[in-house]
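Single chain ahead, by itself, as structure tokens, in the form predicted on its own.
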């Protein structure tokens, strides 16, 4: 079991902002995951990877692929209180799900 969090590299988010957006994405996708998969992922140590996306269009392409694979996923839009304009797409979480299926969606991306 694995979860991948994909972060836009074109926004220039500060370290704290990036960490908060990754946390939002992880939790949001987890909440949309079925009970059995949540339990399996938690039991296996909650494996996560953080990956790079070039921009918003890549985030939506990956979200569409996750949808087609039947994976839980969450696209995060910033509230706009600090560094970014309201509604800016920042991150995508894919999974938790079977590692091989998550990798079908995100396996070509570089580590952040």
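Positions refer to the first chain, counted from 1. Bear in mind the structure is a predicted one, so any value in this text is a computation, not a measurement.
Quick note: we don't show the form predicted in complex with a further copy of the same chain, though the next part is all about it.
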Next on the checklist: Give me the residue from 40, 75, 50, 84 that has a heavy atom within 4.5 Å of a further copy of the same chain in the predicted complex.
Outcome noted: 50
Item to check | Check all three, 58, 63 and 109, heavy atom within 4.5 Å of a further copy of the same chain in the predicted complex | outcome: no
Checklist entry - Is residue 45 close enough to touch a further copy of the same chain in the predicted complex, meaning at least one heavy atom pair within 4.5 Å? => result yes
Checklist entry - Looking in the predicted complex, any heavy atom of residue 67 within 4.5 Å of a further copy of the same chain? => result no
Checklist entry - Do residue 18 and a further copy of the same chain share at least one heavy atom pair within 4.5 Å in the predicted complex? => result yes
Checklist entry - Can you check whether residue 31 is within 4.5 Å of a further copy of the same chain in the predicted complex, heavy atom basis? => result yes
Checklist entry - Even though the chain is shown alone, can you say which residues of 22-38 have a heavy atom within 4.5 Å of a further copy of the same chain in the predicted complex? => result 22, 23, 24, 26, 27, 28, 30, 31
